[in-house]
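Encoded as structure tokens, the following chain is the form predicted on its own, with no partner shown.
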């Protein structure tokens, strides 16, 4: 099976500044992929390149099937009513699911005769998402879909999205600064840091391959220096008499270490704090 999104050696720059460098990744079809990283990491650049809004300076990026994109500012025609935007979408898209869109907006209580400029932030997000879903895409790309929404609106948007994912085989790539928004919805993780790909893989596999160790500070140096056959310290170090480390693999441990599974936020933050570390499986077999 071909991946829903695949980039090979992708590089994008703005004048003399590289926003992405040597980015090679694949997102399997049918997954909900979280794209995380600090401001300026290249998340929006990757998304814009994937949907054809930016031309790469190097390498390539491609998607399989139809793609729909919702930008971070959730652009809508301010002077159009919701019904007029649905009508416009129907005329412009051969695969348009008009009844499904109307049913979804009706269930959300969003009036079709209200102009986009008078919608609340949560309503704007729901309308933008509904318009994207009505195109019946194979890949849905969402740039910070939960930004500037209150907790209830965030929950409602994610519930709408996951309901659609459950109904049909849809691949989703969504970015967020809030890892807790992604823990119960995403099953694939992509971490960008400083314009470079740092982590890409199945979330369950990544979590199973990492531990958080806590122990006496004097043990940290010995563990970091020890050859571990593919395992190693990702990040962390002494804080007073104690050391806390994120490690990959299963190194032989001194009995004074206390080990526990890493959480998703600990995994993400551990890699972001250590830009030289990476967890990047090969592209082969990603489509399975």
Partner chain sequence: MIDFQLDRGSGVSTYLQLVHQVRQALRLGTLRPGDQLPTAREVVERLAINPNTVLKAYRELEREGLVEGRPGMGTFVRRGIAGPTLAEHTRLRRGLEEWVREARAAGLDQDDLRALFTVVLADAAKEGAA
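All of these numbers come straight from a predicted model, not from anything done at the bench. Numbering follows the first chain given and starts at 1.
Beyond what is shown, the protein has a form predicted together with its partner chain; the following relates to that form.
> Hey, in the model of the complex, does residue 155 get a heavy atom within 4.5 angstroms of its partner chain?
Taking the distances in the model of the complex, the answer for residue 155 is yes, it comes within 4.5 Å of its partner chain.
> According to a 4.5 angstroms non-hydrogen atom cut-off, is residue 97 in contact with its partner chain in the model of the complex?
Heavy-atom contact with its partner chain at 4.5 Å: absent for residue 97.
> In the model of the complex, does residue 185 have a heavy atom within 4.5 Å of its partner chain?
Residue 185: yes, in contact with its partner chain in the model of the complex.
> Residue-level contact is defined here as any heavy atom of the residue lying within 4.5 Å of its partner chain in the model of the complex; does residue 159 satisfy this criterion?
Within the cut-off, so yes.
> Can you pick the one in 204, 218, 78, 169 that has a heavy atom within 4.5 Å of its partner chain in the model of the complex?
Filtering the options by heavy-atom distance leaves 204.
> Exactly one residue in 70, 32, 262, 50 has a non-hydrogen atom within 4.5 Å of its partner chain in the model of the complex; which is it?
If I apply the 4.5 Å criterion carefully, the residue I get is 32.
> Quick check for you: of 134-142, 83-91, 118-126, 186-194, which stretch puts a non-hydrogen atom within 4.5 Å of its partner chain in the model of the complex?
Looking at the partner contacts, the answer comes out as 186-194.
> Sequence order please: the residues of 113-127 with a heavy atom within 4.5 Å of its partner chain in the model of the complex.
Residues within 4.5 Å: none in this stretch.
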